[in-house]
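Here you get one chain, nothing else, as structure tokens; it is the form predicted on its own.
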Amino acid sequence: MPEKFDVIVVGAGPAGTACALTCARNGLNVLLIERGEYPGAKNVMGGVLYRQQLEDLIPEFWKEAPLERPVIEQRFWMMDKESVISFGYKGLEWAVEPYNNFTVLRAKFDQWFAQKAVEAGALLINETVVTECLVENGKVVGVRTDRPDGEVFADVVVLADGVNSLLSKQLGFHKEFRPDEVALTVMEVINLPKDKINDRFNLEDNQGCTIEIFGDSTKGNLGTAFLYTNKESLNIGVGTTLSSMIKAKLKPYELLDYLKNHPMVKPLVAGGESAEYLAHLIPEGGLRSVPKVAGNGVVVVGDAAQLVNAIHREGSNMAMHSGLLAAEAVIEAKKRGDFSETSLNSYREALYNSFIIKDLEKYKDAAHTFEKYPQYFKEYLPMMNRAASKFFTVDGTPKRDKQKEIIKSVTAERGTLRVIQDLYRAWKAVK
């Protein structure tokens, strides 16, 4: 290896690879360091990849990338113990190019994506742990790895080392995240024949479905579950904030088993063969948890910068776009020969002017509100299911009378004033 690189990127996930690819394409000498045996070996997400941000990097990527299914239907379930209220959207315009989003398996996709960076000129080194950033005179000048003679130097270090970024913590960019700022998600890949997936989810070949599940899937705690269709497997998972998990004394894998055996879910996964178990921390703190993202000789991207929209379950698209924005800032800094915090703050400015921070700003109070007021998940979702059951049961009662009974039962449980307060509080959190 050369004694010094233009850029060292720590972490070959979506954010790190997007940054490495863009820098390498623009002639920079890039080192991409991955701690896993290969890119994707240590990376976990539910499995939905959004098109636009990857297409900005690789036009018509769907013609060659190892994708599972284009998603043509998105369902949302409000779950009680023996029922769900289901709504969503299914559109065949999503079944044709350029598509909307896709299901993916990270172990396959991340290797392909990282190879694109290598083809552009980046040097990828796997099975290497970065133990700390090297700092001289207040500037990051490289990294120390767990390899013999493991010090490597660069003009800029890009931290894409995930939600629990020990490197940005070492630099003082953030303190230890609180339990209500991160969620623990457990996931299982279940092999199932293609024909069964198509039948159970009302799909044809090369059509996918995603189901986002709220309520009893987390036993009424703040969090969500999901069920996504791959070509010949399903991704099923569930996660809650660590604070909720601690308060309720939940065990992650017991929660996943509870979900798989729920009467609304069990028929969809029946007969499947477990292929893989995974667990991962996910940023949930939103805008208030975003750390310092630029310093002297260093920038922070993706999950390491807490760039996840928990409300819309968006992360990989934000990661890729932040990696692109960071690369653009690094390229301009290289032209100026200035890698100071002032110079690299152009990344922060671009980030805060992008959809990423604007969306996090919109939902900045949502996670805190639903964490602080557990009645939304524990009381209102079961109420909604009971109300739907009552309204749609044909028993000779006039529909107007049913509506009055439903409203009366809701206000009787919570009180009219409290219901109004709860509705207003929820509206403020997501408006």
Partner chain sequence: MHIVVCVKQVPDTKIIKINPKTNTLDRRSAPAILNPYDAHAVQEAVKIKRKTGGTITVLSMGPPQATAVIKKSIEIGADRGVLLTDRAFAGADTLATSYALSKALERINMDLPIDLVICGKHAIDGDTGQVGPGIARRMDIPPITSVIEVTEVNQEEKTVLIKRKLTSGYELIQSEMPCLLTVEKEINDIEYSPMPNMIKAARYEPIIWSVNDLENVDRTQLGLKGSPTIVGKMFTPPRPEGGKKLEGSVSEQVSQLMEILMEKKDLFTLTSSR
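Values in this document were obtained by computation on a predicted structure and should not be read as measured data. Positions refer to the first chain, counted from 1.
The same protein also has a form predicted together with the partner chain, omitted here; what follows describes it.
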Original post:
Tell me which of 123 to 131, 348 to 356, 335 to 343, 154 to 162 has residues with heavy atoms within 4.5 angstroms of the partner chain in the predicted complex?
Top reply: 123 to 131
Subject >> The unique member of 100, 191, 86, 198 whose heavy atoms fall within 4.5 Å of the partner chain in the predicted complex >> reply: 191
**OP:** Would you kindly say which of 149, 119, 136, 93 lies with a heavy atom within 4.5 Å of the partner chain in the predicted complex?
**Re:** 149
Original post:
When you measure heavy atoms, are 50, 229 and 405 every one within 4.5 angstroms of the partner chain in the predicted complex?
Top reply: no
Original post:
So in the predicted complex, does any heavy atom of residue 273 sit within 4.5 Å of the partner chain?
Top reply: yes
Original post:
Heavy atoms within 4.5 Å of the partner chain in the predicted complex: does residue 145 have any?
Top reply: yes
**OP:** Any residue of 19 to 35 with a heavy atom within 4.5 Å of the partner chain in the predicted complex counts; write them all down in order.
**Re:** 31, 33
